[in-house]
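The chain below stands alone, shown as structure tokens; this is the form predicted on its own.
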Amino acid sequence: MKDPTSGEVVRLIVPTGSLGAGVREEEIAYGLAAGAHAIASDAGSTDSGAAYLATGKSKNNRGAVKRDLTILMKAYAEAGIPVIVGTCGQAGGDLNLDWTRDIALEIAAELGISPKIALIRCEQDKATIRRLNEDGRIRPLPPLGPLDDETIDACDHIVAVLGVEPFLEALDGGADIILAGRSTDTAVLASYPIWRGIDWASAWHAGKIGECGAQCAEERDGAGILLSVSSQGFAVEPLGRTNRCTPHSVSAHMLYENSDPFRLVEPGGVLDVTEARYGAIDERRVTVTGARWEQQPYTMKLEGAGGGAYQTIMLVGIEDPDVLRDIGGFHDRFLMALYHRTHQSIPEERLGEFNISLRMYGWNAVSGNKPPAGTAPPPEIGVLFVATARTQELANEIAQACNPYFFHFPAVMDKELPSYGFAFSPADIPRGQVFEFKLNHVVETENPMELVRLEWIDSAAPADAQAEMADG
């Protein structure tokens, strides 16, 4: 096996799988002592649903993100190495990115430092998306069909997912801190080694293995890893000294969020690890070689999210043995009764299109599949009622109409009415608007920067001057 530490080696600290999840100061110190050249971290994904793109809000709270980013910016100040963050604010839209920018500027002022900050924006206006679609440059990803104007108009925010090239341009410009919009997790980590001249295959493969920090290690009690990347391959080790990487733990990460464990599609190419080899250097470190990079026409994934209907929920716990003996049958009769009650209580002209669902937690709420015959009944179930309607007021009204039935509906009609255990009072809880991903497409670009805007902020400038620079 080739030695991936031969030739030029670029060492990259990956402090955590997501900024705000808990950077560990002692781990950063270990990486700096090992001679790290840069710090790179993802800060979001689509894992938690469409709401964060549609609303421009972060899943992680401000305090957690500020804490982590403060540790990283202190490391920049101490060691003079760049900090690269992708998919800022959970979804990478302009609002998410601006939120993270403001935190970074606040930290810089508190630390008394003046880093050169690059903002990489990838949010798209609807007119641009319509034009690209009319030009035949947008195609759907399964299971969606061709894109139409109605779908574009239904999006509150649209982003084009970044590859490495915008990060390279920011590094060329001398960025100390890069805050990027929606990026592939892999590109955030691959960008710095590529900028330093490392082979693209090694850099992309290291980025994929390291994207979630210590998830590629055996233990979950650490946060980050150190990647040592050369054109021959890379080595990976945990930043936590009691943790360890093994060939199995490292190679298994190619399965993470990837339908094909040997080929990973990225903007501008495909990472092929069919011939990759994983070997132990010692009990903590693993060496990886053999990846290939296949260049392809440049495309960027489009993600668009918007709001739809509204929901109100109610929750009860049930221990009634009559219910538990026939949960499937109870569910069907219960749901039918709730629909009947709704139609009986609210005029049809007001109802319009609506939906009621019952999710039987402890039985099949996660999968929705009918349990195999002979499955033993649980000691209790939780039943989640979800009313979905075109307005919050109507969803509330449906829940309130169903409340008496939801609380007392019997499994056996000729018995005394039961009383189920409401979790809260009042029982009906307005959940708010339902947000959905409406775009899952790819767009062909003329060049990697066509849909990208690079902005520069001088953190030493007064706040009004910073705002003027950010506005163009």
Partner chain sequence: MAKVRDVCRHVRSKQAGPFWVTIDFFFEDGEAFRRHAESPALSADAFARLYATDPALVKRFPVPSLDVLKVSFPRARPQGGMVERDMHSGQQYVRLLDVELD
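Positions refer to the first chain, counted from 1. Small disclaimer: the values here were computed from a predicted structure and weren't measured.
Here the subject shifts to the form predicted together with its partner chain, a form of this protein not shown in this document.
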Only one of 222 to 230, 119 to 127, 96 to 104, 355 to 363 sits within 4.5 Å of its partner chain in the model of the complex by heavy atom distance, namely 355 to 363
P410: touches its partner chain in the model of the complex, heavy atom cutoff 4.5 angstroms
no
Counting only non-hydrogen atoms and a 4.5 angstroms cut-off, does M336 reach its partner chain in the model of the complex?
no
Answer yes if any heavy atom of L439 is within 4.5 Å of a heavy atom of its partner chain in the model of the complex; otherwise answer no.
yes
Is D47 close enough to its partner chain in the model of the complex to count, meaning some heavy atom within 4.5 Å? yes
Checked P378, P261, P140, G382 for heavy atoms within 4.5 Å of its partner chain in the model of the complex; positive is P261
Interface check vs its partner chain in the model of the complex: of F435, Y30, Y405, Y420, the one with a heavy atom inside 4.5 Å is F435
Those residues of 365 to 404 with a non-hydrogen atom no more than 4.5 Å from its partner chain in the model of the complex are A365, V366, S367, G368, N369, T388
